[in-house]
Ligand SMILES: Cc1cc2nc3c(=O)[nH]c(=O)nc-3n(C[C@H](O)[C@H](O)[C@H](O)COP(=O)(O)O)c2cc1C
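Heads up, the chain below is alone and in the form predicted alone; it's given as structure tokens.
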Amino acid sequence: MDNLFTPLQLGDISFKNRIVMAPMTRSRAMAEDDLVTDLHVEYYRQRASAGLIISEGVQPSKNGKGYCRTPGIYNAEQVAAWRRVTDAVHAEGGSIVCQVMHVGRVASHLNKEVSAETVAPSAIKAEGEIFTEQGMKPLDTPRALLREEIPRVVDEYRRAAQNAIDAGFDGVELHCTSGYLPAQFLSTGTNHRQDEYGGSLENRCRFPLEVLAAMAEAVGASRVGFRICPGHPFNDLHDDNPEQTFRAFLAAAAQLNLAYLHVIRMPATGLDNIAISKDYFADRLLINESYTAEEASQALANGDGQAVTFGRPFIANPDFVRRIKESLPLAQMNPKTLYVEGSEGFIDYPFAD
């Protein structure tokens, strides 16, 4: 498995090994102002041996928030708070990028500021419930964005990318799956617009491509990546032909000279997401979803990607990289503490020694 431990350079983003920490919502930010805290500083510092850390999803605006206690990066106070996290990771020799996540319609007003709205390409409610401090509640019915509002939302992403670099992040990743705003624009089931942002395949690709271009313009394309999972039905997402949609999207995105594409494999959809992605990003591909270390090493040897991202193992094993390298047993996470407040299940998992 030596190939997991070699360094990598994608664009201007440096990886000290090929074992990447995937983005994972942990719901520990301060509820009233979306700030990361001392807990986040320690959580990410503990895991800085990863070749690269991709942060939890971070909202680019008040409207972009959907879940309890998720952090933002849309004001100076949030930037300063994140700077403490990135400084801690860099002090340990690590690299970290900020995943920018606007949830669109996947939200409850109970998790937002009073002045914030739930917006989407079209006013189509997602089926399902979301956790709030008042318990599980139905997802909100979104308001359809007006044509003149869309450039402002694109600018929210642009400013979030710049804020992330100002906060010391090594790059940014656009969250473009899981039923969130970019995926809502891409998909036929959630985008019923009749203007230049809906209808045709080219029009449905327009918003996420404009967002990627704006982020690249702000911080340099060599610091920008994005994450996809064609066919993923999470959060009531549906597209009539996800392979066609994503091939068009990826073909256009490949022209932006971005740092990387981060793809989730999901055989249950009937699509080979890695094969689709390799057709456009074969030399800058991060691959994800339930790899063992042995399988990850073989995938790299097969040329499936340049690095492998791991989520759940990093939760209970802050020294996951060392445990893989030395064939040490892995601790198991406690699912009951994934999203609770406080340090339990967040920074109290022990190192191997």
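Predicted model, so just to flag it, every value in this text is computed and none were measured. Start at 1 with the first residue shown and count on from there.
What comes next is about the form predicted together with the ligand, which is not displayed.
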Close approach of G51 to the ligand in the predicted bound form, 4.5 Å, heavy atom: no
is_contact(R69, the ligand) in the predicted bound form, heavy atom dist at most 4.5 Å: no
Touches the ligand in the predicted bound form: T86 (any heavy atom, 4.5 Å): no
is_contact(E289, the ligand) in the predicted bound form, heavy atom dist at most 4.5 Å: yes
Option from 108 to 116, 93 to 101, 133 to 141, 251 to 259 whose residues, in the predicted bound form, bring a heavy atom within 4.5 Å of the ligand: 93 to 101
Listed residue that, although the ligand is not shown, lies within 4.5 Å of it in the predicted bound form (heavy atoms), from R223, R158, R227, R204: R227
Heavy atom contacts to the ligand in the predicted bound form at 4.5 Å, residues of 38 to 73 in sequence order: E56, G57
